[in-house]
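What follows is one chain in structure tokens, specifically the form predicted on its own.
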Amino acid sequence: MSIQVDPAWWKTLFDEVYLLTDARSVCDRQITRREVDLICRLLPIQDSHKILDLCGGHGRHCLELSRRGYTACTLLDYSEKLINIARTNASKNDLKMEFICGDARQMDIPPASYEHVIIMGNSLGYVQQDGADAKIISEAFRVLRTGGWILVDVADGEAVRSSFSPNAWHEIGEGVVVCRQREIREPFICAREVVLSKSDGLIRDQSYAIRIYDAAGLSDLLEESGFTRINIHTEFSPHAADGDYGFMNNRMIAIGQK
């Protein structure tokens, strides 16, 4: 039976349960540090530069950048729950950041506001309508200053296809099991995620779809929005051990300049 996906799934999935099910990737400080190491290696960031963490969830990359002395970071995400978690963590750690809850396709941000825009953690490809990702990249282009840089981190579509498994599951501690059923429905991978508590029963049963890109498609997306000096880096994984981490290993990084 084909997996049925609500096109608006991304409006409700990203909350405390998401932070539980994806904790192996998005709540691991070592992984975040490796990813920020990569950002700092690929982008010519200076201490005074303004950085927009677009679709940045609970702000793990912004928080780490702020810890390293980049104190002009802005986090934008659609999920108010994740924004609030980021705001709380920033306050607890006395880190200066700005927070915007909004849609990346139409940002209430003046043009030429930032030196860098980062889209990390496979946070592109959620909206199924044609042209949705192009709107996000075009908005990133608009809010960048001339000479500014974008960095986009997504799953490597070729690697995802070559290692595709229709079923996966993992345990969280001794009390929670996460089960995923997946299918390729080009250009998307669709998944049904069932989260079960051994003591309390069903926590979540929700489906989602993520558009996957190969290097040429990602490069074209940036070029069509006006970016130049595009470079694609493949074979990056922040995970030290092999395993099925969904879309969070076998990553592809694109950079481009306005």
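All values derive from a computational prediction rather than experimental measurement. Note that residue numbering begins at 1 and tracks the sequence as displayed.
The discussion below concerns the form predicted in complex with a small molecule, not included here.
- In the model of the complex, residue 55 approaches the small molecule with a heavy atom inside 4.5 Å.
- Taking the partner from the other structure, the small molecule in the model of the complex has no heavy atom within 4.5 Å of any heavy atom of residue 148.
- In the model of the complex, residue 102 approaches the small molecule with a heavy atom inside 4.5 Å.
- The closest non-hydrogen atom of residue 82 lies within 4.5 Å of the small molecule in the model of the complex.
- The partner is absent here, but in the model of the complex a heavy atom of 76, alone among 86, 155, 97, 76, sits within 4.5 Å of the small molecule.
- In short, of 213-221, 43-51, 58-66, 227-235 it is 58-66 that has heavy atoms within 4.5 Å of the small molecule in the model of the complex.
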